[in-house]
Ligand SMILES: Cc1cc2nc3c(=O)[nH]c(=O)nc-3n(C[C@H](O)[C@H](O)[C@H](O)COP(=O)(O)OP(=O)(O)OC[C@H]3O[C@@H](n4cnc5c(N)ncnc54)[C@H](O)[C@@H]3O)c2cc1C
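The data below hold one chain only, encoded as structure tokens and taken in the form predicted alone.
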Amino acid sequence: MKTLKLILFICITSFYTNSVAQDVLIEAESFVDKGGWVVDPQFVEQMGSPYLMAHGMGVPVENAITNVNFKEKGKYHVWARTKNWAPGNWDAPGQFKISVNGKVLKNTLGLTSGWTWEYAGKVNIESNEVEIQLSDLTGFNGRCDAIYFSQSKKMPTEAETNLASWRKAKLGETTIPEQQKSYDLVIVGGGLAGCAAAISAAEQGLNVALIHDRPVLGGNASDEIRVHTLGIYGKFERILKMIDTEHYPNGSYKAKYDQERRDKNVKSYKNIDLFLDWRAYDAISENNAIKYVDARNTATGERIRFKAPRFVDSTGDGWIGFWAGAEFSYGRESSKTYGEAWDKWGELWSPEEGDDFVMGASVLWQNEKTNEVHDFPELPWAADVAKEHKAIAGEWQWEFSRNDLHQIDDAEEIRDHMLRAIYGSFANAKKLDENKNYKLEWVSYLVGKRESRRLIGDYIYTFNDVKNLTKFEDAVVEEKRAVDVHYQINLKDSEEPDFLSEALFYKGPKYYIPYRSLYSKNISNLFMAGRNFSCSHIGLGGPRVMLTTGQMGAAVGIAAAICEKYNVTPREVYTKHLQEYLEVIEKQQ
């Protein structure tokens, strides 16, 4: 067993009933040896924390192990914050156990619908150094957010009413990060757009912080999500080739071949400070300008405050703009809002009344055909989603969106729905003799989103700009890929699975995106690059792919350098320095 680092957590004295009770809160993601469990930081805004998940694709994963220092010996009651992620009249899919100093606690966990505290059992702590293990029992995505030891048997129900404050109090965390760092430009989000912004800004001489909540760069193109890149390089071929991938099938293992090269290229810039596994959680603005962004390490909980005169939101979900108070839009606009109706496709293209539908999120997966027979269990908890659908691999059509589910607020439910669709469809396929040698090789647990918040800039890019071949004076991004808007196929045929989509295409000549769509309308020092740029729902259909958003990133990196040179706002690059800006971009070829 690898050497375990001792982590000391602050023990808070609390008063329950009439006695003094000792309690210890352990964030599961801080386990030193995570075994086969993975850190899932996707839903921090809803959960208040990342959590550990046993993503074994049907095979129980290795134990997660850590050591904790207890100040007080004695009897403790133990709870875990967890959930049954597929509740119903069947055995819960994500069951696990906790052991303390080798003693397996009585109760199995992961049984209750919705995130809550489940009682694991009681244990006598006889030494100050305590080893804790999480033991996965199923291999199907059991999850543990935190473990709570208390000498009182009272369930920490008060945590549910204000979980974030409760966590901070138990862990002794301060609201303001003690560590502060200052840069010329802070970029949040390490997808291709964020990487390109960092490189272009660094090449123009800026000191850059690039904050990303995963251990690797690339976002949807990364080895973790495996969506292949589409689009053209525009004016930024040299930069984008440093972070692009060779074309591979969606979900293919070939995505990993370019992962190391992408990460190495970004790290090669001495004036880019890369913060991997750091997730931003707040952005504070004053007088419509962002003062700083706060971020937290997804494993250790360490916090840093990042200051800069300018920021880039390449989070995809528009988090920095959202926290700072930037105007944004979400969902499909009425066809009359921007005059984007197309009679050929009617409501599927642009509805008469606006709604909350957006292009959905994909969870990609792949199999491996071997020379051996591989069993796969029947999964009653997946059957009501998969129904009779059979599949041995996934592609881009595996996508889920529903009018009553928000792509940000309900992202965990969307991801879990896709997991049930994948596991259930594969289980159905494995019942056929022809598939007996197939093994489930890889399933992403990260949601590959196409659309969520769109921050509003000085110009809102729409389908009309494609149809009308609008050639903007401030065009900085160009694309010739077809406008490609998705819808769930069960909207046309209710008998079809709800987790598959179809695409509508509009093919035209090259189109252009203006610089004015790449900075916020009301937050004076905020750029955006990625799918959260200023556009309509239909306007996003073409430029949402990664090479186009990479162009956006490269363009705003250069604009940030112009801002720094003249001490001006992003808007003033357009109003005062446009010609110089365009000349710098032209030299990028």
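Numbers follow the displayed sequence, beginning with 1. From a predicted model like this one, the values you see are computed outputs, not experimental measurements.
From this point on, the text means the form predicted in complex with the ligand, which you will not see here.
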Item to complete: Just one of 413 to 421, 505 to 513, 317 to 325, 378 to 386 has residues with a heavy atom within 4.5 Å of the ligand in the predicted bound form, so point it out.
Response: 317 to 325
Practice prompt. Tell me, yes or no, whether Ala391 is in contact with the ligand in the predicted bound form, where a contact means a heavy atom of each within 4.5 Å.
Written response: no
Item to complete: Evaluate Thr549 for contact with the ligand in the predicted bound form, applying a 4.5 angstroms cut-off between non-hydrogen atoms, and reply yes or no.
Response: yes
Worksheet item: How about Gln204: is it within 4.5 Å of the ligand in the predicted bound form, going by heavy atoms?
Response: no
Discussion item. Can you tell me whether His228 touches the ligand? I mean in the predicted bound form, with a 4.5 angstroms heavy atom cut-off.
Written reply: yes
Discussion item. Counting only non-hydrogen atoms and a 4.5 Å threshold, tell me whether Arg310, Gly457 and Asn525 all contact the ligand in the predicted bound form.
Written reply: no
Discussion item. Only one of Asp213, Asp145, Asp263, Glu340 gets a heavy atom within 4.5 Å of the ligand in the predicted bound form. Which one?
Written reply: Asp213
Response to the item:
From Arg450, Arg453, Lys170, Lys235: within 4.5 Å of the ligand in the predicted bound form by heavy atoms is Arg450
Worksheet, complete the sentence: Restricting to 386 to 419, the residues within 4.5 Å of the ligand in the predicted bound form through any heavy atom are Trp396
